[in-house]
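Presented below, as structure tokens, is a lone chain in the form predicted alone.
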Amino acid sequence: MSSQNPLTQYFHDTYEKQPQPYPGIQREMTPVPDCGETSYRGAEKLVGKKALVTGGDSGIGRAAAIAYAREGADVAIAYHPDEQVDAEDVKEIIEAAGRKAVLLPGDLRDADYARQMVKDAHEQLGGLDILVLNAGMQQFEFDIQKLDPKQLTDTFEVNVFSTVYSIQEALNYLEAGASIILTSSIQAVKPSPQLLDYAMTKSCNVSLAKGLAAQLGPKGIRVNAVAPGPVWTPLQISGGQPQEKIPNFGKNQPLQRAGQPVELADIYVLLASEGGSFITGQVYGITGGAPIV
């Protein structure tokens, strides 16, 4: 098969402005993000594994959940209750792959839910081997003096505090060979002026991945982070970007387009699989060419 040109392999035209209230519904986007629904093919890399993916209803989390199921894993997805329609779609895809799907709606700003979803995933899946902490909150604000205290608190509760609470609970169940994967962002190292609070949280994710990898390495548990650049997901059109930036979203990257969630699936599979057995404490940039170091 001939190689495909990455400039044109996925959607590379102009996006329509399309505001939605946070957290956004993927099935209502134009174009609908490609999360591998029709394209991802598994190779039995995760047979028998049990995975929990937060934000697994849409975007990057959805792509990871679909890939995990097609690689042989049973998958629980956590998501905000407002995203139920997208979650039901993912459940059908996971079950069509012959795997068990568990839906865990809730609000990660609630510390009790952040812990309980992990406990429920473990109980309903019959184990837990892979923890993908991907859910995030991103709302733009160009003026730090106008940064609302509630937005600041919500962003840290979803992107940082819930991550810590979920890991604390998961360590009651994870054994040697398990993998924890955090979704950080290029914003951790290249913050946009309108995303200061979000960027701060993504820096926290990087520090957590590196430090926790050292702490858990002797237990045989690996911890890594993925740092996406501009990827077409509901996060962007539901307050993550000003609407005037949507038409040319991602076109300032060397590959001149935004990424699609499916383009990140393989790295989430690698970091969860035996193929990543010697990878821990790392941050993988998938940015369309913008450096993360």
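One-based numbering along the sequence shown. Please read all numbers here as calculations on a predicted model, not as lab measurements.
What comes next is about the form predicted together with nicotinamide-adenine-dinucleotide, which does not appear here.
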query	finding
Triple contact flag 36, 71 and 288 to nicotinamide-adenine-dinucleotide in the predicted bound form, non-hydrogen atom at 4.5 angstroms	no
nicotinamide-adenine-dinucleotide contact in the predicted bound form: residue 109, any heavy atom under 4.5 Å	yes
Residue 129, heavy atom within 4.5 angstroms of nicotinamide-adenine-dinucleotide in the predicted bound form	no
4.5 angstroms heavy atom contact with nicotinamide-adenine-dinucleotide in the predicted bound form for residue 235	yes
Partner proximity in the predicted bound form: residue 197 to nicotinamide-adenine-dinucleotide, non-hydrogen atom cutoff 4.5 Å	no
Options 101 to 109, 143 to 151, 118 to 126, 216 to 224; stretch whose heavy atom lies within 4.5 Å of nicotinamide-adenine-dinucleotide in the predicted bound form	101 to 109
Within 4.5 Å of nicotinamide-adenine-dinucleotide in the predicted bound form: residues from 174 to 203 (heavy atom criterion)	183, 184, 185, 198, 202
